[in-house]
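So this first bit is one chain, no partners, the form predicted on its own, shown in structure tokens.
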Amino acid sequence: MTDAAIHTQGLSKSYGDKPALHGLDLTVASGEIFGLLGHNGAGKTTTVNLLTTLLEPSSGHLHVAGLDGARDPNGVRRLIGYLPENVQFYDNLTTVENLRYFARLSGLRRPDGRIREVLEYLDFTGHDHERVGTFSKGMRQRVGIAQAIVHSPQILFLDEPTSGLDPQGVRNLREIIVGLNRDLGMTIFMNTHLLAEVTRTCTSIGILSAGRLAYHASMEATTRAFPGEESLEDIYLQIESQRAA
């Protein structure tokens, strides 16, 4: 587990008497881009909320960036970044003003230099002093990534990051994700239902089905294991059908 960015054992979550996640055993190595797939209601968002310490598990254990999520949730939060599906900003504030607020929440006392670095990396410096309320979905998503990485996290969690984006926005986001992993060595954990993006972006995948991990392997091993299938969609549907049988 020493080189694991994320490690869970028997991780479970129930809402009242309704189970959402059953005994998740999962290891994601440092430096991976991991894609978690599953139908709506499969438990993807619950998994991310547990790993980011936004939820407490009903049972089981989790370690993120080498820290115990139950014993040191604040320590975990300092080492991760998180972009929810519908990131919220103060629409009447500018890009820099929003990022300054989030950076200070993350513990950066003099964040302006780091904010400039992040906006330059994301090629977004021309919008520093524009109000976020005037931005398109794609522009807001870029500000969302900026707030998620402004404190230089080891692991970045993305919950349905391409939701609502047009094709160009999806491509731009894909390039950012790959760049963060390549240039900064950042481990990426991504929830998504877009199989094409997983194929182009991820180094390994997991499939959740009804709250249980039905499959976990590298993309390379996955394509070898299903030589007769032409696409990840075909593989996904085959695994789902095997699970249901």
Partner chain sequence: MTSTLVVARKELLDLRRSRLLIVLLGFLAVAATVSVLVQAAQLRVSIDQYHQYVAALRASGSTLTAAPPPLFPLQLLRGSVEYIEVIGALFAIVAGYGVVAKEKQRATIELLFTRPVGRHAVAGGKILALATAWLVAVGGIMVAVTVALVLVGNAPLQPVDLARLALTGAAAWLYLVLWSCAAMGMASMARRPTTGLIIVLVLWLVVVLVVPQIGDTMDPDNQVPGGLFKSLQITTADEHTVMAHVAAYDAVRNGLELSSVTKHVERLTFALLGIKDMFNQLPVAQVLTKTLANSLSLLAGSALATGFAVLSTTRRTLLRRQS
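Residue numbers count along the first chain shown, from 1. Being a predicted model, the structure only gives us computed values, none of them experimental.
There is another form of the same protein, the form predicted together with the partner chain; it is not shown, and what comes next is about it.
- Every residue of the trio Leu54, Tyr90 and Phe102 has some heavy atom no more than 4.5 Å from the partner chain in the predicted complex.
- Though the partner chain is absent from this view, in the predicted complex it lies within 4.5 Å of a heavy atom of just one residue from Arg174, Arg142, His127, His151, which is His151.
- Mapping the unseen interface onto this chain, Thr162 falls outside it, with no heavy atom inside 4.5 Å of the partner chain in the predicted complex.
- When the partner chain is considered in the predicted complex, Pro111 lies well away from it, no heavy atom lying within 4.5 Å.
- In the predicted complex, none of the heavy atoms of Gln168 sits within 4.5 Å of a heavy atom of the partner chain.
- Shown alone here, Arg116 lies farther than 4.5 Å from the partner chain in the predicted complex, counting heavy atoms only.
- Looking at 60 to 79, the residues that come within 4.5 Å of the partner chain in the predicted complex, counting any heavy atom, are Asn74, Arg77, Arg78.
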